[in-house]
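Consider the single chain below, provided in structure tokens and representing the form predicted alone.
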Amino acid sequence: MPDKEVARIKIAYLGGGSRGWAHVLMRDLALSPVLSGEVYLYDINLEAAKLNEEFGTWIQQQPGAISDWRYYAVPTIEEALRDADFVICSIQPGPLEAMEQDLAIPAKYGLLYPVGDTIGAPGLVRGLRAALIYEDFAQKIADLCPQAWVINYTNPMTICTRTLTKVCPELKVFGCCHEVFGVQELLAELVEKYLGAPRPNRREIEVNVLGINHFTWIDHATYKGHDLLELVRHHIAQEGVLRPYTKEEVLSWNSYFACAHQVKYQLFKHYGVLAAAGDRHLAEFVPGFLTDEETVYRYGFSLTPISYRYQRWEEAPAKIKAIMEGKEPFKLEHSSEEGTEQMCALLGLGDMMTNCNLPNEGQIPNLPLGAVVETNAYFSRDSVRPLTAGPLPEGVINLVEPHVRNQEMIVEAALTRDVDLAFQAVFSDPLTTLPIDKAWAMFQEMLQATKEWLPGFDI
């Protein structure tokens, strides 16, 4: 991949029938002044990949598109991967029917989860399915494009990324998530509110990131020399910032993704560092916020019903067709995601620093080596170098490390098809507040309900 004014590359997109991430990437690629090439879309649902091929081609024909990209939906993963320069992984690990059972069965036992894709009983069982799929991905990538950079977007982020690095340690892998971006936006709002400055771009908010995906923390944040954690302390001391919310208030926002930041503010109040993810995710890592629906609403967020996910899934293809037919508005503009910028940096077309998920080489010295952690990293030609983040504070490490251990256990359980080890991870999760016999019954029920997507396990 030599230096050129415009680099032509091949991208293999695993999960090429994506109803979300793929469309974001297509827009960003169309606006890149220095990248062009081919995107090979592979998905177990070939028809969905063909629709994205059509959409990607349509985007290239729109006013404002400045690059030259060709999209191809292909029936085999081998065709997608062969000689790829980049591999993007963005899949649903098992259908929504599996996720429905992941959430419904624990709910019968009194365990609630607002997301269910990262941790807790739902996230860990989803992780088993994901790790089995990613085991195959790793082997095929190693065979067909061993020098490619692999960018993972799938949740559970840590488990998926770790499976790739564990199965084939020689692969060049990192994982991307935008949750920290949202907290930078929150800090930018506080700059505008309290410092009297125009609201800065979130990239002007300098943060030190440390932790694991969806349970990241910020122990240092500045804007033009201003200590933004002190600003957070000032903010939460104001009357009415820390307060209980009602169900009516939360539902009036008409968004399952909105939150009042009460979870992160309460954690900050007691731990002194800022949790850097949406409250829906944070609540799944620590006890107390998900004891019942009333408590969920009191902390200013809501549970995401599976019905919403089905509706979004079913409506997405029709929406894309309506856009191409001119029945829905379309504006070609760059997203807040950084995938194209990261690819440019790896091609030697401009260095950058951002947060990402990588194996721990000591960037967080008090978490296990090899486990996938999230910190800032420096991107340059053919290199992603994690930056030293320092140790997690003593209190916070007690919250984070058990999840690191459990996610490591899930990867090992998947690769060895060990049901008992998988159960140990689920039972160890802090939200599995059940007697061991009931926890085992729940776990067995979850495996039975999704056994079609757990090949090789003795269920």
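Everything numeric here is computed off the predicted structure, so don't read it as measured data. Just count from 1 along the sequence shown to find any residue number.
Absent from the display: the form predicted in complex with a further copy of the same chain. The rest refers to it.
Participant: Which residue among W313, W253, Y378, F257 has a heavy atom within 4.5 angstroms of a further copy of the same chain in the model of the complex?
Facilitator: Of the candidates W313, W253, Y378, F257, Y378 is the one lying within 4.5 Å of a further copy of the same chain in the model of the complex.
Participant: Just one of V34, I66, I397, L46 has a heavy atom within 4.5 angstroms of a further copy of the same chain in the model of the complex, so which one?
Facilitator: The residue in contact is I397.
Participant: Although a further copy of the same chain is absent from this view, report whether Y271 comes within 4.5 Å of it in the model of the complex, heavy atoms only.
Facilitator: Flag for Y271 set to yes.
Participant: Considering non-hydrogen atoms and a 4.5 Å limit, does a further copy of the same chain approach S428 in the model of the complex?
Facilitator: Heavy-atom contact with a further copy of the same chain at 4.5 Å: present for S428.
Participant: Just checking whether R70 would be counted as a contact of a further copy of the same chain in the model of the complex - the rule being heavy atoms within 4.5 angstroms.
Facilitator: R70: no, not in contact with a further copy of the same chain in the model of the complex.
Participant: Is the gap between F55 and a further copy of the same chain in the model of the complex 4.5 Å or less for some heavy atom pair?
Facilitator: Residue-level check for F55: no, no contact with a further copy of the same chain.
Participant: Any chance all of M353, E401 and W440 sit within 4.5 Å of a further copy of the same chain in the model of the complex, going by non-hydrogen atoms?
Facilitator: Result yes, every residue of the spot touches a further copy of the same chain.
Participant: Would you mind picking out the stretch of 202-210, 316-324, 229-237, 109-117 that comes within 4.5 angstroms of a further copy of the same chain in the model of the complex, counting non-hydrogen atoms?
Facilitator: Correct option: 202-210.
Participant: Residue by residue through 384-411, which ones have a non-hydrogen atom no more than 4.5 angstroms from a further copy of the same chain in the model of the complex?
Facilitator: Read in sequence order, the residues that approach a further copy of the same chain (within 4.5 Å, in the model of the complex) are R385, P386, L387, T388, A389, G390, E394, G395, I397, N398, L399, E401, P402, R405, N406, M409.
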